[in-house]
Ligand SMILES: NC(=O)c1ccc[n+]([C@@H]2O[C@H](COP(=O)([O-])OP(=O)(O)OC[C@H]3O[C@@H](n4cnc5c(N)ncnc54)[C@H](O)[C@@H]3O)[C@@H](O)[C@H]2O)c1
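Only one chain comes next, encoded as structure tokens, the form predicted on its own.
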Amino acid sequence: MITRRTFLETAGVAAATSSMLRAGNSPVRVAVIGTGGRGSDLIRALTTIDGVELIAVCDDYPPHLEQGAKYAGPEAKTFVDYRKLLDELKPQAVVIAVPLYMHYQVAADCLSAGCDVFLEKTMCYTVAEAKKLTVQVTASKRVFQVGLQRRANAIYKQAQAMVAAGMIGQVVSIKSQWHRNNSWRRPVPVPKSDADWPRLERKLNWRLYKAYSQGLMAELGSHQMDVANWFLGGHPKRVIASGGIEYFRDGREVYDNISCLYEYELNGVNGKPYTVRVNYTSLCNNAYEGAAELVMGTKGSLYLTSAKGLLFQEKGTDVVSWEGNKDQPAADANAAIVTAGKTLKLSNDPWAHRGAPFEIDIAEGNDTRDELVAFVDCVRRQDAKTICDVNVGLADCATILMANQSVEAGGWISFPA
């Protein structure tokens, strides 16, 4: 029987994390390289964390650098060349939010300069680069964390603990997606007639071009496939994927939609291996369901977003006993829509056939800030075991890139050696 007490005990174990920096220590001197949209988010979060001294920001695009400097405050120096920043200021830690194709080189240079490194996802542009960086991080013994922030999200930590505790039984399937309805294209601040337009367009819209980007899987799918790897305790065996440019035919080179089927080989409760299939889709022209994961087990299902988690129990399994709760009455009100001479019944409770959900109710947080708090705490303690270390980043990189390879090859792709 799953009781309210055992449910909350599991929640407490999952949510317990040290977010307080030890008083009396000197501030951690941090620089940020890359001050575009994501870099600015990270800068704003860093300025709210006690014990962080934001000493510099760097970007080679003046409007982004100006924006980053405004968020960082007047004490932070500005640089166009990150190597000059490393040489002159010798920061203790560096937060990197540059375009994907630059990840490996910038991170490698920061490690060589003796810095601890927070590197935005996806870890590297290629698996080969990710392997090289893994070797360098391991040899350097520096603190290293990849920016897969669901690992810092209280709801996802709670849900992972529930899965590990067997609260939804044996996991049988995962369905996840990141659906949006926008072109993913950013405006260029000069007219097309300007001689500088082609350069600026590629600089600002680097995510749309294969030379700089790995598309939807790297920018969005990396988050959800990391959740699958985390919850299932390993990486997929193989994947088959289909994608293309079907809607936004505007000169982009990366897909505007992709659908993937991953297979994971796990050991069941009887010790025998079985397959869990993970379905992932990403769309740019329909936002239904948004960004979410549905983890389905023999005893229940977890529906997860960064803002809410819901537990649905399968009929016939133990019922969660909530002290003081009255039985939920069956839905007895339906709305009727008459169209083309027929009556369609729409339940007022779309979850009725699944039973009333139990909400994972944890204090509201900011997972971008929370992941940086965790990183800074590890820097202070010089603890290389971050919440998303280089090995997690390597597995995630390989997981998402094999889907792109499958689209190109038109068939199954196995996880790389």
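From 1 onward, residues are counted along the sequence shown. Note that this is a predicted model, so its numbers are computed, not measured.
Same protein, other form: the form predicted together with this ligand, not shown, and the subject of what follows.
None of Ile33, Cys388, Val30, Val376 but one reaches within 4.5 angstroms of this ligand in the predicted bound form through a heavy atom, and that residue is Ile33. In summary, among the residues Arg44, Lys70, Arg38, Arg381, the only one with a non-hydrogen atom within 4.5 Å of this ligand in the predicted bound form is Arg38.
The closest non-hydrogen atom of Phe312 lies beyond 4.5 Å of this ligand in the predicted bound form. Taking the partner from the other structure, this ligand in the predicted bound form has no heavy atom within 4.5 Å of any heavy atom of Trp197. Contact between Asn153 and this ligand in the predicted bound form is not found at the 4.5 Å heavy atom cutoff. Residue contact with this ligand in the predicted bound form: Phe358 places no heavy atom within 4.5 Å of it.
The stretch in contact with this ligand in the predicted bound form, judged by heavy atoms within 4.5 Å, is 93 to 101, chosen from 162 to 170, 268 to 276, 226 to 234, 93 to 101.
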